[in-house]
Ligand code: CP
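Just one chain is shown here, as structure tokens, and it is the form predicted on its own.
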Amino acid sequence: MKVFTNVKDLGDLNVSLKEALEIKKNRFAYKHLGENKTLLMVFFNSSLRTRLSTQKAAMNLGMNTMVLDVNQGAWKLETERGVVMDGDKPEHMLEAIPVMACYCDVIGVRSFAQFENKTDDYSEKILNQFIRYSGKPVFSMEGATTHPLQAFADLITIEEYKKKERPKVVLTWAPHPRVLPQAVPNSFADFMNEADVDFVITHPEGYELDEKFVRGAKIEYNQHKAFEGADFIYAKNWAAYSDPNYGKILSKDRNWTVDEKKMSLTDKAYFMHCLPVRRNMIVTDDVIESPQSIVIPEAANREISAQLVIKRML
């Protein structure tokens, strides 16, 4: 594996799930692969789970790790060709990326959507420059449009907790006070559409996601109806995707908050969220603290999803 940005990069999902669960049984079985190898993790945005889980995964494989926080511990980087660099960015990505690549064997990149230009965001400008110019294996630690490490961890968690062969999995929009990207829901849809699950997306009108990720999945605008008989509820906020409202908040309707009444419509569903979560906006205290909440095991599986990807790159 040279690149990891979406579900297709994993190949056969059943094989990948089996490999992930084997890794989880013995996280240090392949530590010889990373001996004298270095992972560089480049963050253009803040992180908690991604930073810690990915670094731990690399250490499990025997790797050295380096972390670079762009705009905090490094020069600000220009991304556009042809610009006169007379502003606050003294270094260009075209020099910075190959320099970074000199010091490592594998690169992870985290760079969020800016919501300034939809075309720029959905072209994954920063991530793709690393893929093009580094000459090293590159994986996404969350891009402008996808978060595949999270979605793979979500799938591993569903595989571990499912009570039936083909569970009903519901991705539900929920309110949030700030503008959030579509990366997590995009990747969740990307993975669920390839998995053997009954997948439903529910959200208010105007919050439709990019069809290349939705791929004909069932859309239900009535949240209560969507929850009926569900085995897993995955709550997440995202800003509008469709023009002319791209990157805008269209609603903060608290009626979409996941609460006990809505969870009672499910088939004793497990509650999932990628974290961090805004309590009593996305989900009530009672639901996230209930025995059916699996947000912590879900977060723990971030180490496993990252380790599989890095293992394959090594």
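This one's a predicted model, so the numbers in the text were calculated from it and none came from an experiment. One-based numbering along the sequence shown.
Missing here is the form predicted in complex with this ligand; even so, the following discussion is about that form.
Chemist: Of the options Asn237, Asn186, Gln150, Ser140, which one has a non-hydrogen atom that comes within 4.5 Å of this ligand in the predicted complex?
Modeler: None of the others qualify; the residue that does is Gln150.
Chemist: Quick one: from Thr50, Thr257, Asn60, Thr65, grab the residue that has a heavy atom within 4.5 Å of this ligand in the predicted complex.
Modeler: Result of the distance check: Thr50.
Chemist: Cys274: heavy atom within 4.5 Å of this ligand in the predicted complex?
Modeler: So Cys274 counts as contacting this ligand.
Chemist: Would you please decide whether Ser46 lies within 4.5 angstroms of this ligand in the predicted complex, comparing each non-hydrogen atom pair?
Modeler: Yes - in the predicted complex, heavy atoms of Ser46 and this ligand come within 4.5 Å of each other.
Chemist: Quick one: does Arg110 come within 4.5 Å of this ligand in the predicted complex, counting heavy atoms only?
Modeler: Arg110: yes, in contact with this ligand in the predicted complex.
Chemist: Using a 4.5 Å heavy atom cut-off, which of 23-31, 246-254, 260-268, 274-282 contacts this ligand in the predicted complex?
Modeler: Careful reading of the contacts points to 274-282.
Chemist: Using the arrangement in the predicted complex, list in sequence order the residues of 280-314 with any heavy atom within 4.5 angstroms of this ligand.
Modeler: If the 4.5 Å heavy-atom criterion is applied to this ligand in the predicted complex, 280-314 yields only Arg302.
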